[in-house]
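Consider the single chain below, provided in structure tokens and representing the form predicted on its own.
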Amino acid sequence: MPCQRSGLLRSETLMSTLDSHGSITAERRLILDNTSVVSTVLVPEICLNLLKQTSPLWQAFEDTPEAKEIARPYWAFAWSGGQALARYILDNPQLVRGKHILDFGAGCGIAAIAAAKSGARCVTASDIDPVALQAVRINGNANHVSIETDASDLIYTENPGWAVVLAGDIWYDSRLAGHGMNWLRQLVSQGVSVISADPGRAFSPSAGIRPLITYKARSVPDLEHPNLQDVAVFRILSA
């Protein structure tokens, strides 16, 4: 669904991609050339640079030898878990207002943007993909919010002051399900609120969580299995 202010946002977004010499960086050019500014049905308040159907980056998801040479642009999708987290935060701004928030595995940054729009004191988006962090900066500027970024692998790092950790769509990987969950539970034991959302991926937790709400959502652009449409938002409990 096109954002109503897409023309203005594209102009503002382009200005935010200039480096100190007035040139557009290669990573940001990649983003701008392969995305269009749209919003999702579940979170119409937030506009994002998401993958165009005409982009050659779609080849990365094909089963061909050439596809292996292209890094999959996971940053160019509003995944359903991120949408659900953003919707929940926008509807419950007291959860983040005035607090330091971490969006862990931020992707396009939709949950981080929702936290910033809801009055968070400081929002940090983390992702090990540097292109994703460029996308977060572009999307943050497009929505007139400031997002700090961190490219570190944060699992088992000490908490620098996060009060709330958001973790959308991270349960696709065994390492995240193991070490990631252990680390998040450690944060909970230290008083951090950890809120996650997932449509039922392979490693989605079923124990040690408190369900909060369920939404209907699909990734935008849609790259989900037909069965992945009920997206659960839940709070992670301590061990």
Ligand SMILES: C[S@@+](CC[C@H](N)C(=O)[O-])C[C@H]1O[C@@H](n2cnc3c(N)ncnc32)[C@H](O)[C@@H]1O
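The numbering used is simple: start at 1 and walk along the sequence shown. Being a predicted model, the structure only gives us computed values, none of them experimental.
Keep in mind that the form predicted in complex with the named molecule is not shown, yet the notes after this line are about it.
The closest non-hydrogen atom of E148 lies beyond 4.5 Å of the named molecule in the predicted complex.
Shown alone here, W162 lies farther than 4.5 Å from the named molecule in the predicted complex, counting heavy atoms only.
Of the heavy atoms in Q134, none are within 4.5 Å of the named molecule in the predicted complex.
Y74 belongs to the set of residues with a heavy atom inside 4.5 Å of the named molecule in the predicted complex.
Of the stretches 139-147, 113-121, 74-82, 91-99, only 74-82 has residues with a heavy atom within 4.5 Å of the named molecule in the predicted complex. Applying a 4.5 Å heavy atom cutoff to the named molecule in the predicted complex picks out S126, D127, I128, D129 from 112-134, in order along the sequence.
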